[in-house]
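What follows is one chain in C-alpha cells, specifically the form predicted alone.
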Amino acid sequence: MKKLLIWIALLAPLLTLGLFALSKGWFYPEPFPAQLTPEAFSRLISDTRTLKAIIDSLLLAVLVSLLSLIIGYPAARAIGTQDFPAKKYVWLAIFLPTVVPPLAIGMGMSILALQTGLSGTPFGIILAHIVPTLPYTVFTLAGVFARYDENYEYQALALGASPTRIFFAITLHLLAPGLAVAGLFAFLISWSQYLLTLLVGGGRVLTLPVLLFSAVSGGNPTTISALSLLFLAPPVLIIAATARFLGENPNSVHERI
C-alpha cells in the first residue's frame, strides 16, 4: 500500500500533464477530458521551431557534458588521489558557482559574453553552461578517484603498455560508471538551463526550456503540457540508459589488456 501511494504521488503529475496535452479542453468540474486527441503533439512535432529547439538543446547538453568531463577529469583526479594543503580552498573555488545566486552569475556571464562577442552564440551558451555543470562533474569524479587503485596503471606500464593504451583500456574502463554518472549530471543541468541560456543567448538561441517558458506566458494548458512532456522525454531516456549501463557494472579489465 505504501509503495502504491508513492507511485501515485510520482505519476500523478505526469498523468495530469498527459491528459492536458491530449485534451481539446478540460475544465472544472469535469473529472476527465471530454475528448482526447494527439493534435497538440502533432502540431508541435511538425513545427520547425520546436524541432530546432529540441535538436539545439540536445546538442548543447551533449557538448557541455563532454567538455565538463574533459575539463573536470584532471582536476578530479588531482583532488581525489592527492592530498595537498590547499585542497579545501580548491574545493571552495570549484563549488563557488553553486553558492553564488544564479542571477548574479547569469548577469556576469552576460556582460562577459557581450565584451567578448560571444553573446547570442551557441559557443557562448556552452561556456556559460559549463559554469554550473563543472562543480558536480568534479565532485562526482573526485569521489570515484578517491577509491581508484592506480596500481592497475603501474602494472600495465611495467608490462610495456603505452600510456594511451593504459588510458583507454584500463583507466576509462574502471572509471566508466563514474563517468556515466558525472556526464548524466552535466547533461541534466545543461538541458534544464533557462536563465543562463536567455541571458547569454540574448533570445537568439532558442532551446526547449526557453520555448517552454515563453509558452507558459501564453497560458495555453494544452500546449504547455505537451511541451512539458517533450521536455521530460530526453532526460528520462538518458536516465534509463545510464541506469541500465550501471546495472551491467563492467568490472573486469583483463579482457581489454
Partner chain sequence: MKRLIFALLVFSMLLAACAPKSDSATADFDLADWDSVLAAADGQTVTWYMWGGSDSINAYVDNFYGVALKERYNVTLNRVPVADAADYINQVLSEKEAGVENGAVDLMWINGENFFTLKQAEMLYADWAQAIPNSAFVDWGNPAINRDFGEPVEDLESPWSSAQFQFIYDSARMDADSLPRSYADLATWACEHPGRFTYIAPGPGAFQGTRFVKGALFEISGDAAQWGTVDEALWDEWSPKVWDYFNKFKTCLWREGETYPKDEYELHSLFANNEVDFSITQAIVGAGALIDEGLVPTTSRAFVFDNYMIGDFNYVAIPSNASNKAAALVLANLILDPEFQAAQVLPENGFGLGFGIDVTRVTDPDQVAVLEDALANLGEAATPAEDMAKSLVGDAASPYQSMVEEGWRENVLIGQ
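Positions refer to the first chain, counted from 1. Just so you know, these numbers come straight off a predicted model, no measurement behind them.
The discussion below concerns the form predicted in complex with the partner chain, not included here.
- Between 203-211, 185-193, 53-61, 228-236, the stretch whose residues reach within 4.5 angstroms of the partner chain in the predicted complex through a non-hydrogen atom is 203-211.
- When the partner chain is considered in the predicted complex, only one residue from Gly160, Gly117, Pro74, Pro101 comes within 4.5 Å through any heavy atom, namely Gly117.
- Mapping the unseen interface onto this chain, Pro221 counts among the residues with a heavy atom inside 4.5 Å of the partner chain in the predicted complex.
- The partner chain in the predicted complex comes within 4.5 Å of no heavy atom belonging to Ser46.
- By the criterion of a heavy atom within 4.5 Å, Ala176 is excluded from the residues contacting the partner chain in the predicted complex.
- Within 4.5 Å of any heavy atom of the partner chain in the predicted complex lies no heavy atom of Pro13.
- With contact defined as any non-hydrogen atom lying within 4.5 angstroms of the partner chain in the predicted complex, the contacting residues in 179-199 are Tyr194, Leu198, Leu199, given in sequence order.
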